[in-house]
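There is one chain below, alone, in structure tokens, taken in the form predicted alone.
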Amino acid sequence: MAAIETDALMRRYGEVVAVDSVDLTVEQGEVFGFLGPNGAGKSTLINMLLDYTPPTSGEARVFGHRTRGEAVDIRERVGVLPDGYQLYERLSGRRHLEFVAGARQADDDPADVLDRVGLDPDDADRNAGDYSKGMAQRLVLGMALIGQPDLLILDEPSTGLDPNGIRLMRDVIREEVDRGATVFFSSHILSQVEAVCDRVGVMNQGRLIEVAALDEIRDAIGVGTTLHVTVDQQPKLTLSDLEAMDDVTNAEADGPDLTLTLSDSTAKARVVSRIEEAGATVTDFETTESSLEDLFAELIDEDEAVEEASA
């Protein structure tokens, strides 16, 4: 049974289609990154998964339970860190956790949870209204962890966190997955998604335009490994010769430096050998993988170009 399944899920607001016929499956035990520009429909889809917003058509299921009619069964198994949360300013951090534990009939020790998310005992007894943004974010993450939920839905979980807080958040995600939880991770900070996610889904203009592991996306769109090569002299072959090689999609030269884009990282050995066979000595080389930012930008650009062409 999948953790999340949607079938032709759609949400309209008048003439505006916020989520457009989305088919999505998130398997149990994976960390799934959910990406898209502002207004892409990410938050609307999350709200439908939690039955905060009804779909116009289609269906969503969480652990086999339909979101329409079985939301109580779903919420018992899900911990949520929402993007637009509100805390009770006059309640302490400890009381927030005690309230959630009571509602979930969980026996979590608030002190242990607070320590896990990086809040010390003094913070625990302060009113939440006195918390910084980062402290509030840690507290809401702790609230989401109460009861060891089977699914964590984290919407922009690093908002307000400093580098230590971001590192701690990543550690918590890995710990949750190690105990068997599924994590649905929505964020616009793509480097953080890249650090923890097994697969990503990309939304644009309400449509789910890609679902794949990062390596699969690199292969599909040709934004892959960049090979930087330094030679002692220009080889007796042209850039076009290099681009004609299998798995080489682009080649550029700047003095003794050659830069090539590879669709398959294993091609670097063949490229280096080909350059040396052409009369040059390779004095240095290094490879860098395309970042999720690169892949994301390419996917959005391609999608919008297709939409413009079909309009």
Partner chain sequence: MRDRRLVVMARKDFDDAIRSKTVWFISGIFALLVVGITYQLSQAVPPDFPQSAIPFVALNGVAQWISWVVSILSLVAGYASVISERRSGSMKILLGLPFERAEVLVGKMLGRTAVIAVSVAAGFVTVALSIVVFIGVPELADFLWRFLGLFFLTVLLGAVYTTLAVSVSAVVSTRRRAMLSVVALFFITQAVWTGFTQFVYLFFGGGSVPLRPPDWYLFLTYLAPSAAYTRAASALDLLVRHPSLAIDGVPRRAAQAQQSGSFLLSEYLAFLVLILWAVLGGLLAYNVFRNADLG
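Numbering follows the first chain given and starts at 1. Here the structure is a predicted model, which is why all the values come from computation and not from measurement.
A second form of this protein, the form predicted together with its partner chain, is not displayed here; the remarks below concern that form.
- Although the partner is absent from this view, residue 171 stays clear of its partner chain in the predicted complex, with no non-hydrogen atom inside 4.5 angstroms.
- Although the partner is absent from this view, residue 52 contacts its partner chain in the predicted complex, with a non-hydrogen atom inside 4.5 angstroms.
- Among residues of the shown chain, residue 84 is one whose heavy atoms approach its partner chain to within 4.5 Å in the predicted complex.
- By the criterion of a heavy atom within 4.5 Å, residue 68 is counted among the residues contacting its partner chain in the predicted complex.
- Heavy atoms within 4.5 Å of its partner chain in the predicted complex map, among the stretches 192-200, 75-83, 225-233, 116-124, onto 75-83 alone.
- Checking 100, 209, 135, 181 against its partner chain in the predicted complex, a heavy atom within 4.5 Å turns up for just one residue: 100.
- A heavy atom within 4.5 Å of its partner chain in the predicted complex is found for one listed residue only; from 151, 128, 217, 140, this is 140.
- In sequence order, 11, 13 are the residues of 1-31 having a heavy atom within 4.5 Å of its partner chain in the predicted complex; the partner itself is omitted from this view.
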